[in-house]
Ligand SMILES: Cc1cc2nc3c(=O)[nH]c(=O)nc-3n(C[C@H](O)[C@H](O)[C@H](O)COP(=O)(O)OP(=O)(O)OC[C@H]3O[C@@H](n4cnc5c(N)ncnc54)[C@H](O)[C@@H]3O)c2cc1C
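Take a look at this one chain, the form predicted on its own, written out in structure tokens.
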Amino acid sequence: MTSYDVAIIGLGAMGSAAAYQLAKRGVSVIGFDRFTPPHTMGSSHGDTRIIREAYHESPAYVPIVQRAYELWDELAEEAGETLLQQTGGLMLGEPEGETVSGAIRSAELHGLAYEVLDADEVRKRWPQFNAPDQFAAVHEDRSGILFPEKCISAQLSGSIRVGAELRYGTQVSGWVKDGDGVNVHTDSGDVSAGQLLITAGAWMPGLVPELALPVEIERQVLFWFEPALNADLFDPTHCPVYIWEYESGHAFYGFPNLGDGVKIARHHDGRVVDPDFLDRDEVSDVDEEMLRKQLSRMMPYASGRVIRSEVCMYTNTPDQHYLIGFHPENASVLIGSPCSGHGFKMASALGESFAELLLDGESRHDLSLFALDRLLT
């Protein structure tokens, strides 16, 4: 049985990034995915993802996303692909709300360029956004769009080019300690590796059931709307990416029209599901009505007919921060997910961090906010 330095379970955003970073360092890597990435079965599809720097969730994310910008640019140059489109970004809500106040806090702490706008200025500069009078907004120029399927494909192709072995359509049923390493059980046979990285997203809890991690899988629906009026206002040259905190703790986000409609989705508030029994085909009228209720009030020009919809998943921790750490009973096993619905933008940098943790025992970034032991009882 061939032995590898590192085995990776899950080759979506995080797993593909780690495979690429590890293989570039000359490590023998084998990666497994039960599907053929990039695919529509997990959390890394839907054409677009927001990348933003003034990170309202915590200032601790800012150095990671800054490194991610650099790595996405390097990957784009190597792959000969456009992976990131800068559009600027707006974060809107009550001035004291988490989205606005948190973005300002991160920007101030890290010396980022940003503007704070009142509702009247938002409406003048971007009339497609009907900001309520009491709202404020943070605008930053560096925000933009990542193209997730292209990013994952580029990372996987890069991994293979520098020697990684990737097995698609291969289901992992479990793993066991094997001396100083691990033995990974798959439906095509066992594989031995010195270390194991688990980046399986929604399927991660089932691969470490002994930890009883308090994570939940949340169904999320993505919609693409045909603008009802003034379609030119949603062109990327006139429309930034945006996050609306319309009530405390409740938000939706969206993108300009890249040619197939204005993509908009709620951030959280989906129902808890089992990833193996997720209904990906049926989007209910309730799903649409809950989002359209906010659009009719805050973005009425966008609220035309639905062109398409898709279902994806969030894998959420209780505090909605990432989960990164070595298995408490096996220092050869690193867990690198879930990301609670806001991880894709940092995948390139987190893949690098996972490689550093596995090879050097530490990352260049402070990852203490995401420590695994905070969730262990």
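Keep in mind the model is a prediction, meaning the values are calculated, not measured. Residue positions are given as counts along the sequence shown, with the first one as 1.
Although not depicted, the form predicted together with the ligand is the subject of the following passage.
Using a 4.5 angstroms threshold between heavy atoms, Ala23 stays clear of the ligand in the model of the complex. Remark: Asn130 does not count among the residues lining the ligand in the model of the complex, judged by a heavy atom distance of 4.5 Å or less. Of the heavy atoms in Glu352, none are within 4.5 Å of the ligand in the model of the complex. Although the partner is absent here, Gly201 is a contact residue: one of its heavy atoms lies within 4.5 angstroms of the ligand in the model of the complex. A single residue from the set Asn183, Gln294, Ser153, Thr170 has any heavy atom within 4.5 angstroms of the ligand in the model of the complex; that residue is Thr170.
By the 4.5 Å heavy atom rule, the three marked residues Arg34, His39 and Cys312 all count as contacting the ligand in the model of the complex. Contact annotation: the ligand lies within 4.5 Å of heavy atoms from the stretch 193 to 201 in the model of the complex, the single such stretch among 193 to 201, 227 to 235, 110 to 118, 283 to 291. Contacts of stretch 11 to 38 with the ligand in the model of the complex, defined by any heavy atom lying within 4.5 Å, are made by Leu11, Gly12, Ala13, Met14, Gly15, Phe32, Asp33, Arg34, Phe35, listed in sequence order.
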